[in-house]
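The form predicted on its own is given below as one chain in structure tokens.
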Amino acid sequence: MSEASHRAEEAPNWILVHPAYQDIKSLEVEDSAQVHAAFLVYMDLSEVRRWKEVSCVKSPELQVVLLEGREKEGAPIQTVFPLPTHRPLSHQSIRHVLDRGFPMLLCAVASDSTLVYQRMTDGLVTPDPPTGPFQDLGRRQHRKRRKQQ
């Protein structure tokens, strides 16, 4: 057996020994897939997106790990709900997280570690208008152009 393969067998999975994973695991949430999802989202928020003050909180009612943090310094605290894609989501669980009083992001975590964030709100919110050099030509101008050709 080569020395490299022997070292690989002895080395533990880096995720399992990471301090953030240990903190999340200490919250004693039974769903190991949700704990893993929370860790992946934690790493994305803190290391990739550079959120500030990212922390883990257990929701005893839902038996899940929620993350709280600020997108940038001085921004309001947001709650992030990491959810493995195979786990069902109910209106009641969304309502419970929204009732915490902070803006909420739902983060779907796929089995290949793909993360998709969706902002959740209490009620309907009008979307922002599109930005950019868009111009609505309308159907009449389109027809005129076609006739000119």
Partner chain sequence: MTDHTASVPAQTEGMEQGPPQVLGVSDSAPPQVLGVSDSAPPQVVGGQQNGRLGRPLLLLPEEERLLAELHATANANQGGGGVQLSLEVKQHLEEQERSLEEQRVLALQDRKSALLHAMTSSHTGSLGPSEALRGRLEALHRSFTFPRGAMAVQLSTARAGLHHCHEDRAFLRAQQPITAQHDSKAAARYQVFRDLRGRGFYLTSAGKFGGDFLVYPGDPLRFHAHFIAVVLSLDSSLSPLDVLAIARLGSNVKKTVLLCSPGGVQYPGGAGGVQYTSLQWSGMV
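All of these numbers come straight from a predicted model, not from anything done at the bench. Positions refer to the first chain, counted from 1.
Same protein, other form: the form predicted together with its partner chain, not shown, and the subject of what follows.
Novice: Answer with yes or no whether Trp51 is in contact with its partner chain in the model of the complex, where contact means some heavy atom within 4.5 Å.
Specialist: Contact check for Trp51: yes, within 4.5 Å of its partner chain in the model of the complex.
Novice: So in the model of the complex, is its partner chain close enough to Gln63 to count as touching (4.5 Å, heavy atoms)?
Specialist: Looking in the model of the complex, residue contacts with its partner chain do not include Gln63, since no heavy atom lies within 4.5 Å.
Novice: Answer yes if any heavy atom of Asp122 is within 4.5 Å of a heavy atom of its partner chain in the model of the complex; otherwise answer no.
Specialist: Contact with its partner chain, yes.
Novice: Thr85 near its partner chain in the model of the complex, any heavy atom under 4.5 Å?
Specialist: Contact check for Thr85: yes, within 4.5 Å of its partner chain in the model of the complex.
Novice: Considering its partner chain in the model of the complex, which of Ser26, Ser32, Ser113, Gln118 comes within 4.5 Å of it through any heavy atom?
Specialist: Contact residue from the list: Gln118.
Novice: Within 4.5 Å of its partner chain in the model of the complex, which residues of 90-112 have a heavy atom? Give them in sequence order, or say none.
Specialist: Read in sequence order, the residues that approach its partner chain (within 4.5 Å, in the model of the complex) are Ser90, His91, Gln92, Ile94, Arg95, Leu98, Leu105, Ala108.
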